[in-house]
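A single chain, nothing else alongside it, follows as structure tokens in the form predicted alone.
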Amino acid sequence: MHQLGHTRSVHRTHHFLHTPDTFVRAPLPGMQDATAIIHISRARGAAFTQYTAELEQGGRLGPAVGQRFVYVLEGELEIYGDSFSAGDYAYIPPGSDAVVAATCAARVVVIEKPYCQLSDIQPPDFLAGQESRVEAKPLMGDDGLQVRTLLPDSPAFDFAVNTMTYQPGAALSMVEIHVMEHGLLMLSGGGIYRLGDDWYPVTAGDFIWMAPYCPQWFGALGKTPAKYLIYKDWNRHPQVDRR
């Protein structure tokens, strides 16, 4: 239905809300039978790129630009002969020859960024995991807010990806302001996000980008848990060029 120019999407200096009614799909170089919804990239000033890839059966992602993280939303993928279904994920190191292919129609979160090398530490190897098998831990002692850390807490990794699940009525205990930037995809449920001085209703399918030092806070609303997948740059000195 034509919405006469209305959208919840918002583009601000230090944050960006990207809602499904404004998604534009286009293939990236090397993709086969697939398209990408690019949520954030260097074109917007981010130090990483995040997109949702939609693949037909037999579709493939193109070559990665730097390191790559994939999280399956729907359908099934194959990487190095192993099967990945909803909730499964993989870290693919820079320079890898891994092929990401869909064995049936699939939707996948893809995060890519150049790798920031430390002089005395080697880049990580390929890693695969299942979110359901990662231990959920309460954030700051709040059992209503559970965090699953998908990548190892190791200086070899220069970014982190977590899922955060809020029971209805749960909220962050403080407004956070920090040097890390975020890419956040709402997976289920909804709530209210404060970004800077603005407040936004958000729901499953929405994407949020938060620049470094953007004031941020979230509270879950409704009768079902709210859950999101969140990226942040990590384990590197802020003086280092992250791009």
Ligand code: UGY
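Note that this is a predicted model, so its numbers are computed, not measured. Start at 1 and count along the sequence shown; that's the residue number.
Keep in mind the form predicted in complex with the named molecule is missing from the figure; the text below concerns it.
Judged against the named molecule in the predicted complex with a 4.5 angstroms heavy atom cut-off, the residues 176, 193 and 228 are in contact without exception. Contact with the named molecule in the predicted complex, judged by any heavy atom within 4.5 Å, is made by just one of 164, 100, 170, 110: 164. Among 49, 67, 52, 216, the residue placing a heavy atom within 4.5 Å of the named molecule in the predicted complex is 216.
Under a 4.5 angstroms non-hydrogen atom cutoff, the named molecule in the predicted complex has residue 182 among its neighbouring residues. None of the heavy atoms of residue 12 is located within 4.5 Å of the named molecule in the predicted complex. Although the partner is absent from this view, residue 34 stays clear of the named molecule in the predicted complex, with no non-hydrogen atom inside 4.5 angstroms. When the named molecule is considered in the predicted complex, residue 210 lines it closely, a heavy atom lying within 4.5 Å.
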